[in-house]
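Next comes just one chain, in structure tokens: the form predicted on its own.
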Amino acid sequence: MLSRILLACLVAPSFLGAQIPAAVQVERADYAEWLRTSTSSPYAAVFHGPLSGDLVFGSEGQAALRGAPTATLSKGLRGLGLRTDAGRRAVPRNREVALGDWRLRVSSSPQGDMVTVFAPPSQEVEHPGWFPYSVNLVIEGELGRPDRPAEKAMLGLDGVAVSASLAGTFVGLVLGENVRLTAYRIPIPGSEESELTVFYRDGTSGAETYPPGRFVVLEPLGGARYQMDLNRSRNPFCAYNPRFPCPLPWSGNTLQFRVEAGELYEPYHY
């Protein structure tokens, strides 16, 4: 089924492609290129886990890290540090750090520091593609505010736990169906910003799209009005690499019909 959809996307008439807004075309192309070539692409991750003690790279390290240059990542009174043959250097959180041609990032989370290690890309990867763009899946609706503030620990798109704040319930009409979807404000790692986000499942989940669900960001239109462009629905990083933990489906955010929009899914090959 998935191969047929991908083929349809590849051979679709040019007038279909012309319906895609230029901003979305650029966004999709840039994201696919980032996934394919970036030194910090989820495809390139070989390790993702908590920093519970010293993390050793090189021949004395665990199997996934033995090809890296010799080094030790540790946390002490002076903060995070990376010891190599050249000495010790500080490691900032939520930023990519070079270790030879390898990369690492320490992400801060409510559950402690999480380390992700990226090896040099060793294989060509292809983005699984997207459903054809549909203007009928650009939804406008209202966000009903919650009765009281609420915080919840949850996994973000990158598999790192965050403290998200309940934003309310997005109410709109999707393919003729009234929907109510819980939205949270999820912090953007390494910044003071956050995104108003919905994580949802639908009738394509587990078939053409990733089983646990997809993320989509709400854009403000003014007042209580927001736009939800389901064509921009994005997979969590666990869809590309099983080393990343996956967010659990959000209660009440399962649609009982098919939403043929956003990123497709192909099982990873490891």
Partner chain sequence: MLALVLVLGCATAGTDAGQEGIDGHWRAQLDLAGGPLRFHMDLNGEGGASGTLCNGAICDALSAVRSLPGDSVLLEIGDYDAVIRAHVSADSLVGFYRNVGNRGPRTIPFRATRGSWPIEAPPASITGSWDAIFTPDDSPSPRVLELRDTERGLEGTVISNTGDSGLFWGGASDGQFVMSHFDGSFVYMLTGGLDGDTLRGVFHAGATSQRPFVAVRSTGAPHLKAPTELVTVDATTAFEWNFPDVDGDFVSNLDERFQGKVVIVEIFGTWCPTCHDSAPTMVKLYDMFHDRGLEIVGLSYEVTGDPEIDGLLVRRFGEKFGIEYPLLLAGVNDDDSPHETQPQLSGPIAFPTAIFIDPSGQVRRVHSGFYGPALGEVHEELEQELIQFTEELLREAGR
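Residue numbers count along the first chain shown, from 1. Just so we're clear, the structure is a prediction, and the values are computed from it rather than from any experiment.
There is another form of this protein, the form predicted together with the partner chain, and it is not shown here; the text below is about that form.
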item	value
4.5 Å heavy atom contact with the partner chain in the predicted complex for all of V125, R180 and F257	no
Any non-hydrogen atom of P189 within 4.5 angstroms of the partner chain in the predicted complex	yes
Close approach of Y43 to the partner chain in the predicted complex, 4.5 Å, heavy atom	no
A22, heavy atom within 4.5 angstroms of the partner chain in the predicted complex	yes
V135 within 4.5 Å of the partner chain in the predicted complex, heavy atoms	no
Selected contact from G53, P220, G206, P242, since only one has a non-hydrogen atom within 4.5 angstroms of the partner chain in the predicted complex	P220
Any residue of 19-37 that, in the predicted complex, places a heavy atom within 4.5 Å of the partner chain	A22, A23, Q25, V26, E27, A29, D30, Y31, E33, W34, R36
